[in-house]
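The chain that follows stands alone, in the form predicted on its own, written as structure tokens.
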Amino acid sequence: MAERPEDLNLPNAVITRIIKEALPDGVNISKEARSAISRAASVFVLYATSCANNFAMKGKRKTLNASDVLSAMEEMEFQRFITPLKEALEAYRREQKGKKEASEQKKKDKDKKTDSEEQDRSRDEDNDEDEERIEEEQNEEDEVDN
């Protein structure tokens, strides 16, 4: 847990970016207002986490999951956020699945390349051995002819 209250605040750069995205162009915000929004966001995150933790504890789990957060939103009477959160969660899962598939494909391609390189090396070694054998046979024939 945090030892000081300011340890619980979200980074100012993140808060500033969120505020700028939410406000129309040309609208400014004072440092005091930005600080108040930052503290309010931190309190919200702590409260949502606490509520979600209660759902995890009821389920006899130590790990919070997405359904705990969604249940917490409903308990906190933030139903209007549930649908956007579910949509964001699905987008996140699709993205993660795509990354996993890309990673697996990259690994397969690397394995195929390694196998191909090994076959090429083996073929080269076989060709070298064949060339040496032919050379030896020609030397033996030349010796017999002499």
Partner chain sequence: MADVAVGKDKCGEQRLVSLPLSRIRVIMKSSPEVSSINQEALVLTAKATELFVQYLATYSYRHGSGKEKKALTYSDLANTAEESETFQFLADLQITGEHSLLQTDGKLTVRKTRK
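Please read all numbers here as calculations on a predicted model, not as lab measurements. Residue numbers count along the first chain shown, from 1.
Absent from the display: the form predicted together with its partner chain. The rest refers to it.
G98 falls outside the set of residues with a heavy atom inside 4.5 Å of its partner chain in the predicted complex.
In the predicted complex, at least one heavy atom of P84 sits within 4.5 Å of its partner chain. In the predicted complex, its partner chain sits within 4.5 Å of a heavy atom belonging to K62. At least one heavy atom of A66 is located within 4.5 Å of its partner chain in the predicted complex. This chain is drawn without its partner chain; in the predicted complex, the residue among R93, K58, K107, K113 with a heavy atom within 4.5 Å of it is R93. Along 33-59, residues A33, A36, I37, R39, A40, A41, S42, V43, F44, V45, L46, Y47, T49, S50, N53 each place a heavy atom within 4.5 Å of its partner chain in the predicted complex.
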